[in-house]
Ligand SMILES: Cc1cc2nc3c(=O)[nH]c(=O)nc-3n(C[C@H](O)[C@H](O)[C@H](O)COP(=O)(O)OP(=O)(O)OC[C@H]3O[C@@H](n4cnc5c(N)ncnc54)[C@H](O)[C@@H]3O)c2cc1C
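The data below hold one chain only, encoded as C-alpha cells and taken in the form predicted alone.
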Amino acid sequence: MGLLAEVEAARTRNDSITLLREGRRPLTVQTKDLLSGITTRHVEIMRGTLAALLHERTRDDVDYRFGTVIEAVDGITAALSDGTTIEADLIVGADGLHSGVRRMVFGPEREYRHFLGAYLAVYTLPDVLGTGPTVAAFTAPGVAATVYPTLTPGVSRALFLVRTPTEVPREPAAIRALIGDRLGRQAEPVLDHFGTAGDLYFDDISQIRMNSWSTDRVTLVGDAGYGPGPAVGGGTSLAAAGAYVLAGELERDRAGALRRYESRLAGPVRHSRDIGPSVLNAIVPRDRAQVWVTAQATRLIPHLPGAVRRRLTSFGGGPAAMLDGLTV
C-alpha cells in the first residue's frame, strides 16, 4: 500500500519486556528474542496510529462516515444509522467480532461464535509503574497482563487476559471481578485506573467460524467473517491480508471474485483457528507451576540457540506461519 516506511517510522519502540514478580527480582528479555519464532520482520504499531495513516492516505478518495453503521440490508441496498440509504455494487462487512452485517445477512452470532474461555481488557493510563520505554508484564494463575508505553511520553496502555470456563456479562464490573487481586500489590496502581479509564475496551476472546462468508453481493472481511480470537490469534494480520486479497480479486475480474477470495483465504483461516488456543495456553498460566515455568523460560530464552528459541516462541505456528500459504 506504499505505507511501509511510514509504519516503520511510527513503530512503538517497545524493545524489551520486564516480568515483574511479587517478592522476586524482575526479569528482562529483549522483544526480538521472544518474537524470533513468529517473524524476523516484526513491526508493532498502535491501532489508532495505523488507522490515522490509512485515513490520511485515502480520505480524498473514500466517503468516510464516522459514527455511522449499517442498520438494514435489503439486497444491495444498505440503510444507514444517519438516515440515508446507499445502493451498492457490493456490501463488505468489516465490522468486527460482533458484526451487525453478519447478523443481518448470515444469521445470529451464536451460530458462528466459539468462546475460547477468556476475556481481554485494554485501557490507557499514566506511566504509574515508572517503566518508561519498557513493557511490564505480570502473570498469575488464570491471568496475564502487560503495561506498555505509547508514543506519548508518560502515557501507557494496559492489556489484561483472564481465563474463565464460562462466559460472564460483557460489563466492566464483571471483567474486573474476573481479574481480582491475583496479580499482587505491584499491579494495584495499574488496576486502580480500570474503572476510570475513558477508553476502556473489553470483550470475550472468541473465534468466528463460517464455512462461507459471502453471498452474491455481500461479503465479510476480518473478524466479522473469520476472527481467530482478539489479542491472541493474529486477527489484524489476517484481516489486512484478507482485505488486500479481496481488493485484488475485485480489480482483476468481478465475476467469481468472491469465490476466489474465499478460496485463497481458506488455508490461512483454517490455520488461524489453532493459534488462539495455543497462544492462550502459552501466555496465560493455568496454575502456579506454569507461572514458574514462564519465569524460567523468560530467563533462559535469550541464551538458547536460535532454532530452539524459534520453536519455543512459535505459538503453534504463529500468525506468520498462518499467512505463509497466502500469495499477495
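Residue positions are given as counts along the sequence shown, with the first one as 1. What you see is a predicted model, and the numbers here were worked out from it, not measured in a lab.
This protein has a second form, the form predicted together with the ligand, left out of what is shown; the following refers to that one.
**Student:** Which one of Val190, Ile91, Ala257, Ala231 is close to the ligand in the predicted bound form, taking close to mean a heavy atom within 4.5 Å?
**Tutor:** Flagged contact: Ala231.
**Student:** Select from the listed residues Val221, Ala145, Ala118, Ile208 the one whose heavy atoms reach within 4.5 Å of the ligand in the predicted bound form.
**Tutor:** Partner contact (heavy atom, 4.5 Å) among the options: Val221.
**Student:** Any chance Arg47 has a heavy atom within 4.5 Å of the ligand in the predicted bound form?
**Tutor:** Yes, Arg47 is a contact residue.
**Student:** Consider Pro149 of the chain shown here, and say whether it contacts the ligand in the predicted bound form, taking contact as heavy atoms within 4.5 Å.
**Tutor:** Flag for Pro149 set to no.
**Student:** Mark Tyr244 yes when one of its heavy atoms lies within 4.5 Å of a heavy atom of the ligand in the predicted bound form, and no otherwise.
**Tutor:** Answer no; every heavy atom of Tyr244 is more than 4.5 Å from the ligand in the predicted bound form.
**Student:** Heavy atoms within 4.5 Å of the ligand in the predicted bound form: does Gln30 have any?
**Tutor:** Heavy-atom contact with the ligand at 4.5 Å: absent for Gln30.
**Student:** Among 264-272, 65-73, 284-292, 22-30, which stretch has residues whose heavy atoms lie within 4.5 Å of the ligand in the predicted bound form?
**Tutor:** Among the candidates, contact is made by 65-73.
**Student:** Within 4.5 Å of the ligand in the predicted bound form, counting any non-hydrogen atom, which residues from 160-174 show up?
**Tutor:** Residues within 4.5 Å: none.
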